[in-house]
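Below are two forms of the same protein chain, given as structure tokens: structure 1, then structure 2.
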Structure 1
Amino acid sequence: MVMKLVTDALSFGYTKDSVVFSNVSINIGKGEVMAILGPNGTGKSTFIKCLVRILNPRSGSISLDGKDISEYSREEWARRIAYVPQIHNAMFPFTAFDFILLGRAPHLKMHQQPQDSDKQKAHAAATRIGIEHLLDRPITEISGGERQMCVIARALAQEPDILILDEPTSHLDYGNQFKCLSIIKALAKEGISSLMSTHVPDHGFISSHKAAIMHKASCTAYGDPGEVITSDSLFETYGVFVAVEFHAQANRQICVPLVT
């Protein structure tokens, strides 16, 4: 069976009378990347927290490989899915290396110490992200953007089937934003899927095979990025006029806000 993560009519509300989002149905296959767009407060982060089992949906279902996620143990799920949260507040002064090494925890038995192979995988993840120079520094003493890169490296060290990232580039400088997107594209070629929320419509064209827009408590568009991310859909979603045009040098569609 080809790996696939599927949500079917997923809905969530914090109380019985509230609705954060409803009837969201998407699927991600092996090696696919999906970008989820939408204004602040439309439930993107909440949707992601349902996928990673932090929150329980009100109705609908989430399945992986045709199996409801409730049938997976927490340990199995952690080996399959890696989560990169929007904000990570460091509480303990782990070194960056030890922080990344925590990504190996789902592969260890209780009370088992990381083996040399685990340490090698943590170091390889840091090298892939380009943060080897941070490895000996306390996680509490590096910048927010550097810490975000460490969180992504920790997720890579986990060796998941699917990366789920909540606005992974929001704290990164311009160069590291595109480094992050390049890594996501490279992982897709290796068969690792990614779902990421973003506030940058161009991300749907740069790295994604699919795109979705969450707006007004539902998924208002879903499918190929070229069909989902349009001038009309962006105006309806954000209230901003945006030209969506093909750029020959970039060899893709780009978004140009028409504001003065």
Structure 2
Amino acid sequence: MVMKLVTDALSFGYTKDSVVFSNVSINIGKGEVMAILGPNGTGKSTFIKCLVRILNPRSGSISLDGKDISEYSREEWARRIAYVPQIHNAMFPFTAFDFILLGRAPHLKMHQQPQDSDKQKAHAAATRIGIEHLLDRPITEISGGERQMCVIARALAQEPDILILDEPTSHLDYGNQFKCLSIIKALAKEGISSLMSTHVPDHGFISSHKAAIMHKASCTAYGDPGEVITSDSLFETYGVFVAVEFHAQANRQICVPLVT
């Protein structure tokens, strides 16, 4: 069976009367990358937190491989779906290796210490991302971009089917943003899907198979990036005139904000 993460009419609110988002229905298949766009405060991060079980949705359902989220234990869920937070605020200067190794948590029992095989997997995750040289460094002393790579490596150490990334590029410099995207793209080719929120419409064209726009506490557009990310939808969402055109050299649609 082809792996699939599905949300159906998902809604969330912190109190009875408030609504952060409602009626979000999306699905991600194996090897797919999906970009979620939308202004600040429309519930993208909250939606993502529901997917990784940090928050419990108020109504609607989340299912993986046709089984409801409630049928999975926390550990089982974390072995399938890994979370990459927007920014990791490091408190203690764990070495990058010890930090990545923590991704093995859902595979270990409460009293178990990581075994050699876990350490190898943490190492492999770091190698996959190309950060072996950082392994002995304290995560408090590396750059924000390097730390983000460590968080992605930690997520990979979970051996997940899907990565859920909350604005993975927002704290990265120009170069690292694209490095991050290319990693997401490469992982998708290996069968590891990604769902990421982003503030850059172009991301929907660069590496994504699907795009969604969350606006006014709901999902206003969802589907093929070319259909979702248009001049009209971007104006409606952000109030900015954006030209969306095909660029021959980039070989994809590009978004140019018509702002001077």
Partner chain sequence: MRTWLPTTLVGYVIFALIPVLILISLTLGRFPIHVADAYLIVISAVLEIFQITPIHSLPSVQETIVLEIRLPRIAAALLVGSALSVAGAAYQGMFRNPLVSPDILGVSAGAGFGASLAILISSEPLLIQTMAFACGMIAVGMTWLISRLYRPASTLILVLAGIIVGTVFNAFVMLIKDIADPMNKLPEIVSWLMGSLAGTDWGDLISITPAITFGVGVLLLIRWRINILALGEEEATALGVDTRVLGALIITASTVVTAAAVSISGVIGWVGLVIPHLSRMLVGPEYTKMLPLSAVMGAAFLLIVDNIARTLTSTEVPLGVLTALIGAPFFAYLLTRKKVGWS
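Residue 1 is the first residue of structure 1, and the numbers go on in sequence order from there. From a predicted model like this one, the values you see are computed outputs, not experimental measurements. C-alpha atoms forming the largest set that superposes within 1.5 Å between two forms make up the rigid core.
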- prompt: Just one of these is the form predicted together with the partner chain; is it 1 or 2?
  reply: 2
query: Rigid core fitted, then: does residue 73 show a CA shift of 2 angstroms or greater between structures 1 and 2?
result: no
message: For a quick test of reading the superposition: does residue 112 move by 2 Å or more at the CA between structures 1 and 2, rigid core aligned?
response: yes
message: Aligning on the core only, does the CA of residue 182 end up 2 angstroms or more away between structures 1 and 2?
response: no
message: After superposing on the rigid core, how much does the Cα of residue 145 shift between structures 1 and 2, in Å?
response: 2.3
